[in-house]
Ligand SMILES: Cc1cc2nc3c(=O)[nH]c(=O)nc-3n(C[C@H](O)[C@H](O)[C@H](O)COP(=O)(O)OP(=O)(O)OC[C@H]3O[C@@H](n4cnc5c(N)ncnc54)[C@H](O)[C@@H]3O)c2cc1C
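The data below hold one chain only, encoded as C-alpha cells and taken in the form predicted on its own.
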C-alpha cells in the first residue's frame, strides 16, 4: 500500500513537473513575442520619423552570423538601442547609439562590426591608422576628433597613440624642444601626457581653454562617465558609484596631475603646424614656436560652437555653454537646440529655485524635435512642459537678437520674447578645413569598418 502511494505521488509529481515546464515555456514564448512586437514597433516608429540613420560609430550586424543569443542587447549601456527581431539582433534606435562598442565585444560569434556612416549617409572622419597615426607620419589624432566620443574611449586612444609615438622616437636623431607635443588637455590629451611622463619623455601639452577640455565645459553636476578608466602611472581608476559627475572626475584628474607633477599650459591656442624635413615638426601657438619629434592632436570637436550667423550674436548675453546654472536667476532665458545639451541646459535653468522664465526653441515639430536626445532627457523635458515650467516653441528659429529681446520666426507667425540670456546649442564646427590645411586627409565613410582595433572598445 505504501509502495503504491509512493508510486502515485511520484507519478503526480512527474505530471505536475511536466505541466509546470509547459507553462514556463508558454510564458517564455509569450514574453519573447511581446519583446519582438515592441522592438518592431520601435523600429517602424523610428523609420517613419526618419530616425534610422546613426550619427556616429555604430554596430553593423551580419544576420548570417547572428544566432540571436541577445548578448549584445544585454551589453549595451544605453539600453534598448539593440533588440532582437525574429531571433536576430537589430539596431532599432540608431540615432541614440553613441559608440560604446560593448556590443561588438560581447558577441561570441563575431557577428558585429563597428562602422562609421551608412550606405546612404556618409560620415567624414580623418584618415587614421590602427595606431591612431594620420597620413602624415608622426602626427596622431586621438579622442573625439577621430570620430568616437565617450571619455573612456578618449582616455584609451590618448594612451595608445602616445605609446606608438614613443616607440618611434628612437628613429628621430635630431634635437627638438620636446619629444612629444600634445594639443588639447581633455581626457585624450591628459592620458597621452601621462603616457609620455611614464616613459620619461619630454613633452608640452596645451589647451586653448582650461585643463579638462570638454569635461570642464559641461554643466555642474553633469554625469560624465560610469566606467573604470585605465591611465598610465595611475593604473585603473575605479569609482565607488556608477554615477560619476563632472566635478568628481576633474578632482580625480587634478589629483593625478599634482601627484605626477604634470605641466599643462592653459589659455594657449594652437595656430599651425608644419614638418621640417622628414622627421620633426614646428608648432606655432599663441605663446611661441616649438619643435617636436611627434605631435598628438586631442582637440575634440566642441571648441568652435556652431553659430546662428545673426547680427548681435556677439552680445554678452549670448552663450554656447552652461557651466553654473546658479549664475542665472530671475531672468528671461531662451535656449536653442533640441539635442541633449539643449535639453539638459533647459532642465538646469528651469529649476523653480532659480525663478527663471525659460523658452526652448526647436526647429522640429512635437513628434521629432528631440530625436537626437536620449529617452531620459526627452521624458524630463516633456514633464517640464506639462507642468508649465518651460515653454517650448516648435517649428521655430531665432530671427533677430537684440539687447533686451529676441524675435522668433515660427511656422505660422513671428514672436517677440523678452530676453536676458540666449543659449545656443546647435552643435560644433568640426575643424576639418583646418586639419586639411595641415595636410591630413579626410575620408568619407559609407558604413565601412574602421581599420582600428575596435575590440578594445
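Computed from a predicted structure; not experimentally measured. Numbering follows the first chain given and starts at 1.
From this point on, the text means the form predicted in complex with the ligand, which you will not see here.
- Here is the short version: of 138, 213, 325, 101, the single residue with a heavy atom within 4.5 Å of the ligand in the predicted complex is 213.
- Comment: the ligand is not present in this chain, but in the predicted complex one of 206, 81, 334, 369 has a heavy atom within 4.5 Å of it, namely 206.
- Taken together, 221, 338 and 373 are entirely out of contact with the ligand in the predicted complex: none brings a heavy atom within 4.5 Å.
- Partner proximity in the predicted complex, defined as non-hydrogen atoms within 4.5 angstroms of the ligand, places exactly one of 121-129, 67-75, 186-194, 308-316 at the interface: 186-194.
- In the predicted complex, no heavy atom of residue 117 sits within 4.5 Å of the ligand.
- Within 4.5 Å of any heavy atom of the ligand in the predicted complex lies no heavy atom of residue 279.
- Taking non-hydrogen atoms only, residue 198 never approaches the ligand to within 4.5 angstroms in the predicted complex.
- Within 4.5 Å of some heavy atom of the ligand in the predicted complex lies at least one heavy atom of residue 154.
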